[in-house]
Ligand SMILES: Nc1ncnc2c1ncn2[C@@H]1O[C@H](COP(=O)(O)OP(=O)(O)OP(=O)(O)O)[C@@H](O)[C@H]1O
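Let's start with one chain on its own, the form predicted alone, as structure tokens.
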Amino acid sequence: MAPVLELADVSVRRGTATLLDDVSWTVREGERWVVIGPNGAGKTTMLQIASTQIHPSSGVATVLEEVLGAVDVFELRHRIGYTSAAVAERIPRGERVLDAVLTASYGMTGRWREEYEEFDEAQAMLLLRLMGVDGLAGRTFGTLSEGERKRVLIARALMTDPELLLLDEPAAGLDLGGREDLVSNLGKLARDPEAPVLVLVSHHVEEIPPGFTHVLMLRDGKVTAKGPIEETLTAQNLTITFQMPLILEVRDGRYAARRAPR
């Protein structure tokens, strides 16, 4: 089975700074990956490559069997669902929630003169229902809470029926209730065999939904550990990644980390 995403010796440099340093990583069909590491580790840069927003400075990045630099990325992006704070900022605050999801079909962030079929509206409502926010369809995007916006953005990212879904810190800025609602919905998505391949970026192990299968750990642009989550997400690997002695606890498929007592 061909990889859905493959980075081979990929580096990203900006001036004298190295954001990713010789990273190799393969994501296959059916896998659900979480990318975790401290601030400045290179997590968002990696997702920008996976979403075709940027190209590597060196190495080879292959997304959905297409090599970046040898493909029209505008056609490729239609096959990728992507959520980030930057995407949220581009959606007009006066946009109706249903339209915020619908416009993903045209790769737009605001409705203009395009026409949609009844099927499109039904699909948008189905995705909003999947994320537990279908009751907000008539509201404007700017009136939503942060947690509601995050779930609407994921529904939007699913609108094109993507083969790869990339979520850049979807729980950032949420309170405890909002985080738990989001994690619950993402857990349902992760366990759905019809769902696309998932890659989720986070700083916190507490934000990893049940059903995720693999973990990639980064520090200073380099891979510190990668592999099946049950084998790889360990206190030892977290300690190396965050450069702090940490204790990891696992209960009912959820993780929690804290500093080891001195």
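Computed from a prediction, not measured in an experiment: that's the story for all the values here. Throughout, we count residues from 1 along the sequence that is shown.
What follows is about the form predicted in complex with this ligand, which we do not show.
**Q** Using a 4.5 angstroms cut-off on non-hydrogen atoms, would residue 234 count as touching this ligand in the predicted complex?
**A** Contact check for residue 234: no, nothing within 4.5 Å of this ligand in the predicted complex.
**Q** Answer with yes or no whether residue 38 is in contact with this ligand in the predicted complex, where contact means some heavy atom within 4.5 Å.
**A** Answer yes; at least one heavy atom of residue 38 falls within 4.5 Å of this ligand in the predicted complex.
**Q** Answer for residue 43 alone: is it within 4.5 Å of this ligand in the predicted complex, judged on heavy atom distances?
**A** Heavy-atom contact with this ligand at 4.5 Å: present for residue 43.
**Q** Under a 4.5 Å heavy atom criterion, is residue 19 part of the interface with this ligand in the predicted complex?
**A** Output for residue 19 is yes: heavy atoms within 4.5 Å of this ligand.
**Q** Of these, 55, 222, 203, 226, which has a heavy atom no more than 4.5 Å from this ligand in the predicted complex?
**A** The residue from 55, 222, 203, 226 that makes the contact is 203.
**Q** Of the residues 181, 99, 148, 169, which one places a heavy atom within 4.5 Å of this ligand in the predicted complex?
**A** Partner contact (heavy atom, 4.5 Å) among the options: 169.
**Q** Looking at heavy atoms inside 4.5 Å, which stretch does this ligand contact in the predicted complex, given the options 208 to 216, 58 to 66, 44 to 52, 23 to 31?
**A** Looking at the partner contacts, the answer comes out as 44 to 52.
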